[in-house]
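There is one chain below, alone, in C-alpha cells, taken in the form predicted alone.
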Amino acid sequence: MKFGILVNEGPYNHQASDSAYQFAKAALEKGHEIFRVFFYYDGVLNATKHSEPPSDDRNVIKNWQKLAEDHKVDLVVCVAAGLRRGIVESSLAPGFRISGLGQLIESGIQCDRMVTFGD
C-alpha cells in the first residue's frame, strides 16, 4: 500500500510527530511505501536545523532525516505555514524541502491512504 502522511504538530509539543514517524517506520518495515510526508501548520517546526534537543532526549528531526535517507521518503514543508513560523529554505535541516499545498493534494491523489497526525 502507498501512504501519504500529514503532520500538523511540532516535534516537542505534541505526540503527533513521534506517532507519524513510528507509523512510517512500521509501514516501511512491513513492505509498504511512504510516498511523501507533508508538514503543515506547526508541523513545519519538524524541519528546522536550529533545533538542539538535550542529549538525553529524542531527536525528532534527525529521526525524520534518517528515515528519508534510508528509504528515499520525500519530506515536504508547506511554504506558507513555514513562512508564518520563520521556516525558510536556509533554515531547513538536510533532507527536507519547501513546497506548496499542491504537494499535499498530489499525495492525496497518488496514495492509497492519507494518514493525518495532529489536530
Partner chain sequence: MSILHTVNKSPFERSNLDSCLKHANQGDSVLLLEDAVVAAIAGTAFAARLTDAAKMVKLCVLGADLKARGLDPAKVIDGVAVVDYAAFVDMAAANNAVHAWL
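Remember, predicted model here, so these are calculated numbers, not experimental data. Positions refer to the first chain, counted from 1.
Here the subject shifts to the form predicted together with the partner chain, a form of this protein not shown in this document.
A.B. asks: Name the stretch: of 64-72, 45-53, 89-97, 30-38, exactly one has residues whose heavy atoms fall within 4.5 Å of the partner chain in the model of the complex.
C.D. replies: This holds for exactly one stretch, 30-38.
A.B. asks: Looking at the partner-bound form in the model of the complex, is Tyr12 within 4.5 Å of the partner chain by any heavy atom?
C.D. replies: Looking in the model of the complex, residue contacts with the partner chain do not include Tyr12, since no heavy atom lies within 4.5 Å.
A.B. asks: Within 4.5 Å of the partner chain in the model of the complex, which residues of 1-40 have a heavy atom? Give them in sequence order, or say none.
C.D. replies: Residues within 4.5 Å: Met1, Phe3, Asn8, Gln15, Ala16, Ser19, Gln22, Phe23, Ala26, Ala27, Lys30, His32.
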